[in-house]
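Only one chain is shown below, in structure tokens, and it's the form predicted alone.
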Amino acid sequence: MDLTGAYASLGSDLGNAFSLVLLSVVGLVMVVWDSLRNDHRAIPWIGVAASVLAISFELLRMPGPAEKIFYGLMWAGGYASFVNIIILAATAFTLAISVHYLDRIGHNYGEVYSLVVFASAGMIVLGSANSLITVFVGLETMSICLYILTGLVRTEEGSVESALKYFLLGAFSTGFFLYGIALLYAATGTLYLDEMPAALAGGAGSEVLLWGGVGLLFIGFLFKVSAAPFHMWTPDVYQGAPTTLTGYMSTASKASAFAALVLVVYHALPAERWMLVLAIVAAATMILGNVVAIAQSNVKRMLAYSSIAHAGYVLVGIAAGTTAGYSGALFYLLVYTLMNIGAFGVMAALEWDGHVGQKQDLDSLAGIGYRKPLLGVSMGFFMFSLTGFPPLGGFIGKYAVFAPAIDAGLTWLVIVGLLTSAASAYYYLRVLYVFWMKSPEEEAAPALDQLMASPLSMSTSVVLVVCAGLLLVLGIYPGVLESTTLFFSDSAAAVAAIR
């Protein structure tokens, strides 16, 4: 590889990667600040400010054309900026709602916030990658931070067990991923995604090596997005991790992994060779996630299986193998992030059991909507949107992934998606039934009464209102969906010509 001009372009590359550089530097500043002023109250707000500043930069950068940076290892602008905005928004919301929550459970440590920021930096690398090595570096940076955050409450047996399961299964999936990278390199002679079609057209490598590598790579991706049958870790990890951090894991990490998967299939692989495989996985994921969620009495565990089901919905758009399908998947990730950050934020504010919500069932929150109206009303927005009711963003999101699948001839898959969405209404609306229509028990738990007597933090209130408001805006004005199609238009013709 000729690296003659690499250093000459370093300055402009760092400018284009402003969000990544900012989060990396701010993460280090937070670590140093925490070492000097242990658990200082300003530490999380430094991360929030950095995330908001980075979002502003990406909003300005997004309308411009995408370009390769760091000698072609990453993308900047366009598609990458949109994915970065999702990750940064999840980061800012999580940091804001975690301050009061972690303080309440006695784990408000400065290191937690720096780990979230470093994990987000890894997610940006993952979601903007143009090389399989870059994908791996981003994936591992993100994963290592999440392993630690999962086991934050070390006094809880369930949290430690969750962290261990996540680490062991994650390390196992990484082995598949690395082996897949090796086989793809052997088949194509390159690690750059946009160079693989030319290598395949030139007859480089063998079909066995190529599709063996693709299969192993898909296993690694499907594990990270908790798609069936690689979902086993998800319910235990989501239930055992601190609730606000569970919301972060279920959104930001999933968005970055799906973004990387879209880059791989869009730039490197002919759609007709993998569409059916992803369609079958999507169908299994939607069915399993929604059916098992119905039986759950713990809301965090129910939301974990809901997260599995929504991974299936995103896969429907990707399985279409078209520009409309990819853009629909991107839009769905944005909507899903707002829905899940909000839902887990509500549950964090209502957590009273002293065990990070592991032993708290839904029925214990009967009538809570009248005692905490903001939480009850905002939860209504999130549950209706997760179900797919208009005029909220969840309805437009499902349309965005189902319509391209029909155009691609996957009508049977859309029928499965519609039926499972209808089934999901039972367990989503059951939450609202308990919140608003079920009479509370005569003698509530003292810890719950104490929680109800304490005021809701301003930061949590703002995040919930913003998430609910954005879901309404995205449902009424779906202009964001139309803009996502532009991310694939510029290079579509060139990629098609190469193939």
Partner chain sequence: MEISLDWYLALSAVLFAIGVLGVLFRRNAIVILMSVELMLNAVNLSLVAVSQSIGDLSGQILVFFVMSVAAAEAAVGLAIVIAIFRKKVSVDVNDFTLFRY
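Residue numbers count along the first chain shown, from 1. Keep in mind that what you see is a predicted model, and the values were worked out from it rather than measured.
Keep in mind the form predicted in complex with its partner chain is missing from the figure; the text below concerns it.
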query: Stretch from 165-173, 86-94, 312-320, 275-283 whose residues place a heavy atom within 4.5 Å of its partner chain in the predicted complex; finding: 165-173
query: Candidate spot Tyr326, Asp361 and Val434, all three touching its partner chain in the predicted complex (heavy atom, 4.5 Å); finding: no
query: 4.5 angstroms heavy atom contact with its partner chain in the predicted complex for Gln296; finding: yes
query: Its partner chain contact at Ile133 in the predicted complex, heavy atom, 4.5 Å; finding: yes
query: 4.5 Å heavy atom contact, Asp236 and its partner chain in the predicted complex; finding: yes
query: Proximity of Tyr266 to its partner chain in the predicted complex, heavy atoms at 4.5 Å; finding: no
query: Option touching its partner chain, based on a heavy atom within 4.5 Å in the predicted complex, out of Tyr305, Phe230, Phe384, Tyr427; finding: Tyr305
query: Answer option from Gly215, Gly158, Gly72, Pro391, heavy atom within 4.5 Å of its partner chain in the predicted complex; finding: Gly158
query: Those residues of 136-150 which, in the predicted complex, come within 4.5 Å of its partner chain by heavy atom; finding: Phe136, Val137, Glu140, Ile144, Tyr147, Ile148
